[in-house]
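Just one chain follows, in the form predicted on its own, and it is written as structure tokens.
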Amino acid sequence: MSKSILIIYTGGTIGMIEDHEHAGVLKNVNFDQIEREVPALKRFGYRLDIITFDPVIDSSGIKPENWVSLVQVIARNYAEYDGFVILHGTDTMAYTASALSFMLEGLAKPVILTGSQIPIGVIRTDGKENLITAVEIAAAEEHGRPLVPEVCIYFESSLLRGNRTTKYSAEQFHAFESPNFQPLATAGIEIKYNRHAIRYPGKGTGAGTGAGAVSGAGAGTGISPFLPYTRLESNIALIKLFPGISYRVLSSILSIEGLKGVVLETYGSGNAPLDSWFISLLEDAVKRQIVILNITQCSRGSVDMGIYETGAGLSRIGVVNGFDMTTESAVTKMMYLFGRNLPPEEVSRQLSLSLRGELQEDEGL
């Protein structure tokens, strides 16, 4: 039976071609005619269907409601297709991949995000190889089951877990890295899959059911049912510590009306100043049931609030350990958990658990 893949074009550099009427000007391609731009896709023999966002969205303008739209498209078409490829701008691709990984609970089919650094209409584009390989991975199966039933990013020969990925370069083809987790696959002459690293249905801890699930979306082929969520809480803040951060700045952020949570980017293994005013502000926020999640500013490594006194001080006042989560994963995970109307203490508990492989399994226990 021929494979069926749904390509969802949201916008971004990959969808640009040269405007023949205006030399040097790029315009969005009509992705309903994608096989004309990438004729090699026909050789797969797959059924390829296209859905294009209207209007298309530059990735720097992505909002949580766009993630909801993507989830709804996947939910409506989940039973009809073997896999999904999302074409997306690179600037916020890691945020979108992270968000979708949490919103698509019980996912048992591939959702592969890709894009390009050079428009698909330019001769040296990286977009054609990225798209062709993303489609091949989305259709890959073993023993009659999808080989990579996860939300992933494929870019420049590497398949990366979506919620482990961050944008690394604005100018190299190697645009993304997964600093704390190995690639799920690498593409060379052959595509080599790291099967031991791939999460399959029933592997790992799920967040359970709750408010915000899409009803009637069908069931996945795994142990848990496919439950897409469409509610996100964006009333959170991201604070990156720096030498000289002031009482006034921190106090103003923590005093925002309706603030639910804060992702706090600390130094090294989770360290922060021990100034009395700093600790007092955070402690007061925790007492007001604002969830504070501690992640590191470092690209590699993990938060360990038991190593130094500066980190232990945060632990004592109720700051949550984010271990080795990326910023993109921490932000979207917090949006997802609060969107499920969970009480703050439950949000705190689940932030320290590995729900979709976003943090080291042996740490989030």
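In this text the structure is predicted, and so the values were computed from the model without any measurement. The first residue of the shown sequence is 1; numbering continues from there.
One more form of this protein exists, namely the form predicted together with a small molecule; it is left out here, but the text below deals with it.
Q: Consider the chain as shown here, without its partner, and state which of 133, 90, 166, 158 has a heavy atom within 4.5 Å of the small molecule in the predicted complex.
A: Of the candidates 133, 90, 166, 158, 90 is the one lying within 4.5 Å of the small molecule in the predicted complex.
**Q.** Contact assignment for the small molecule in the predicted complex, among 327, 59, 52, 66, heavy atom within 4.5 Å
**A.** Selected residue: 59.
Q: Look at the stretches 228-236, 78-86, 184-192, 111-119 and give the one with heavy atoms within 4.5 Å of the small molecule in the predicted complex.
A: Only one stretch qualifies here: 111-119.
(Q) Is it the case that residue 13, even though its partner is missing from this view, gets within 4.5 Å of the small molecule in the predicted complex, heavy atoms only? (A) Taking the distances in the predicted complex, the answer for residue 13 is yes, it comes within 4.5 Å of the small molecule.
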